[in-house]
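Just the one chain here, laid out as structure tokens, in the form predicted alone.
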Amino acid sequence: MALNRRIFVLGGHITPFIGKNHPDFIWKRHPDFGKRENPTLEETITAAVRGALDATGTPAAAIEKAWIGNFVGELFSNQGHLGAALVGAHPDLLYKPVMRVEGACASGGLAFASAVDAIRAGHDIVLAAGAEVQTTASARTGADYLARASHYARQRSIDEFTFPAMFAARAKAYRQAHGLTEEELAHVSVKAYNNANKNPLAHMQAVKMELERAAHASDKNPAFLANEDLNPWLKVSDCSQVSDGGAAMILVSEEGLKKLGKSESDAIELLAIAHSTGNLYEDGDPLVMDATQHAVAQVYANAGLSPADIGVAEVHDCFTITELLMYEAAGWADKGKAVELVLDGTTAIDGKLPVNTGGGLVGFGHPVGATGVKQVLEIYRQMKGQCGDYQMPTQPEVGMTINMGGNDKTVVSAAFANR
């Protein structure tokens, strides 16, 4: 998308991402079980929105328009109509135009893209949020809910854990085509957990992942799919987390910066954004992320960038194999060579191209509707030196996000510059 106005991300707020194995998550083995409860969807939205307003010094009354990304609030929380729920986060948002958008795991990215469209259309101060609460149902029930991001009528029967099975199929095809070993792929998981261990907001902040554990199926790291053909190709350590959490950010025009008394140094600038959508009813090449490739190519073309220009990235690692496919779709690695970037440290926090510095979906967590917003804020926080123990040693000049919904069916990608 060509930008007719300069657009800036002024910052925002990410709530802690929590779920099973997080020390603050209340579940049946937690000592506080029955004494207190986890944050609800409504509380999560309010915390994210109010946090973003406070972090950026933006009065709620100054917000001209807002969006919230959410995938399945009706199923996990018995709550839809989340535009009106966002308005409930602050009394000064009453009667503002607010809308929920949905694109499976790219719902947050679509909220961001919608906010960009609003500034292109003439608005100056807008808000994009995303939230999901997914721990209210059992793993099997939740897997059925999330399977609605696939072509449910055709693909639900692959396995009771439909999406893990779909990406196990990609892992099988990739490993057989390129000779990727189980131990090599395990390094992706280890990187994610190591980064999350440094991140106080991460779901898996307190969980260690050693290479030996990640590389082999075991009682502590089972290959859990019932589909016998796909079972050997995916383990728990290869999966993103079932998390609760939210994120919200403020986007502004140049005039919006002035209205809020801010300067360009307070923000990062959007260079380009692209939104690509595939066909839900057709399966593509398991070795290629076609929609991702299309979106990223548009970003490079519209921003005048090449793959070598990216200094930090947040990519959609719903499974470890997905991160490698993202590297190749983004042009950072040749086909079959993506794991080399992990093995040689290129994508580590102190590498040439740090990727998913806070842990990604595997380590930071994946509250579905929040992920696309969180990714943008992670780029902002790295560029502004706000990441604490997982801060990059060098200040990145250009960053990229890739947020994907379903099995590479909805993709929002963007590039940013530090001002």
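Numbering starts at 1 and runs along the sequence shown. Everything quoted here is computed from the prediction, not taken from an experiment.
Here the subject shifts to the form predicted together with acetoacetyl-coenzyme A, a form of this protein not shown in this document.
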With acetoacetyl-coenzyme A left out here, work out from 137 to 145, 78 to 86, 180 to 188, 277 to 285 which stretch has heavy atoms within 4.5 Å of it in the predicted complex. 137 to 145
Taking a heavy atom within 4.5 Å as contact, would all three of K65, I125 and I379 count as contacting acetoacetyl-coenzyme A in the predicted complex? no
4.5 Å heavy atom contact, W233 and acetoacetyl-coenzyme A in the predicted complex: no
Taking 4.5 angstroms as the cut-off for heavy atoms, does T292 touch acetoacetyl-coenzyme A in the predicted complex? no
Does the 4.5 Å heavy atom contact test between F224 and acetoacetyl-coenzyme A in the predicted complex come out positive? yes
I'd like to check something about L110: if you look in the predicted complex, is any of its heavy atoms closer than or equal to 4.5 Å to a heavy atom of acetoacetyl-coenzyme A? no
Among G11, P16, P396, G406, which has any heavy atom within 4.5 Å of acetoacetyl-coenzyme A in the predicted complex? G406
As a check of understanding, the residue in Q241, T320, N195, T347 with any heavy atom within 4.5 Å of acetoacetyl-coenzyme A in the predicted complex should be identified as Q241
When acetoacetyl-coenzyme A is considered in the predicted complex, the residues of 155 to 172 having a heavy atom within 4.5 Å of it are F161, F163, P164
